[in-house]
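Given next, in structure tokens, is a single chain: the form predicted on its own.
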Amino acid sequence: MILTRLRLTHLRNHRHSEIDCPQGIVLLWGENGAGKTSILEAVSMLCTSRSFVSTQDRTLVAKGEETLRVEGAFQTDNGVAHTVSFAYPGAANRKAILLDNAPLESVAELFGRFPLVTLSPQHRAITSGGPAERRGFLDFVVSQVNHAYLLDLMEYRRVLRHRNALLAAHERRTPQLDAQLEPWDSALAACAVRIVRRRASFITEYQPYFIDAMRSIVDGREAPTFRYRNSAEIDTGAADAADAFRGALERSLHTDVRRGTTSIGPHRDDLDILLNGMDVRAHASQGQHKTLLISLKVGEWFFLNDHLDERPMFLLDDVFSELDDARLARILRIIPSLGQTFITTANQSILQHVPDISGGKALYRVDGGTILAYAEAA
């Protein structure tokens, strides 16, 4: 899959911008704040319905404007053309997404059709931050390869909202509350078990990709592994796992009522990332964190490439400034194997190091929300 053309209207500091994209590398150079990352955000919005920087669509609208629009033309690996447009606000003051000029009923219809991997400073917290960042990594990757998983996530979150609303409305546990919770607990348990089982399967399948990517960057001197922490502390592989999860909800109910929220489940689980058996949050150096993050994302690209019918696109947002010379040289050697790749940098000297590949290379300068061809900007 490649993006052949991109148009931005009223997205952050881009009033009206257009860019043609080769199937190889699109390199975007400019000062900080020039609007480079916004271009990658636009690609992300077309592929996943959301920015990888902001969770609030309204913050993306250019100052003084009321709406934004992003349009993209794609071509599949088999040469089939598609168009996607993203507008905010659309109907009912929400985002509106059109695929081949037909409105999508749900963003779930978009996930995985235009596979995407993003590596940005925004992702540092995957290795160094809290559990929510690692759960987000899991959910994003698995949702692109497994539509049923995405639907389970959406249903789980819907049920969880209802359960939490009931908990928050009661000051103590009562028979009436137990009766009200029963159907929600059953629905939550069924979804929870399916989600955790699929996460466990993904971790097993993905780990070799992570290890291979790590070896390509640090010559195999360090061995990364995963450890999934199940907040319900049950065997989700057992035949009676749903019953066991309901039992865990029962045991935590007094705590849940007191706090007004559900304290166990996939929304509370964590994924430990270990390096030579040690938790990276406590023991990894800054350089190791950078290497781990790059390896996670490169491994993600190859995993998606093997599990989907389309080659993923890769977005590299200002990552070169984070790398020493050795890591920079290794990631540059990997780039030609990563399909269409969008790269932003504020360092002009990087331009000469980005390899020419068979799919071509386009160089652009971004300045104040304006995109200029490199030759024109030089």
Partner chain sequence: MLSTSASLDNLIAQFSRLPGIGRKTAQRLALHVLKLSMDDVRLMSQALIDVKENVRTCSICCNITEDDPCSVCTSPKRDRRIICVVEESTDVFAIEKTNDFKGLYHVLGGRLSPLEGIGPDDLRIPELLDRTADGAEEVILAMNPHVEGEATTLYLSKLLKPLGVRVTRIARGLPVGTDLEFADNATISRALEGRIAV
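As the structure is a computational prediction, the values presented were derived from the model and not from experiment. Positions refer to the first chain, counted from 1.
One more form of this protein should be noted, the form predicted in complex with the partner chain, which is absent from this view; the next part is about it.
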Counting non-hydrogen atoms within 4.5 angstroms of the partner chain in the model of the complex, say which of Leu271, Ala87, Leu166, Leu104 makes the cut. Leu166
Among the candidate residues Arg124, Arg258, His162, Arg251, which is the single one with a non-hydrogen atom no more than 4.5 Å from the partner chain in the model of the complex? His162
Looking at heavy atoms inside 4.5 Å, which stretch does the partner chain contact in the model of the complex, given the options 206-214, 91-99, 68-76, 184-192? 184-192
How about Gln180: is it within 4.5 Å of the partner chain in the model of the complex, going by heavy atoms? yes
Any chance Leu151 has a heavy atom within 4.5 Å of the partner chain in the model of the complex? yes
With a 4.5 Å heavy atom cut-off, would you call His147 a contact of the partner chain in the model of the complex? yes
Even though the partner isn't displayed, in the model of the complex is Arg173 close enough to the partner chain, meaning a heavy atom within 4.5 Å? no
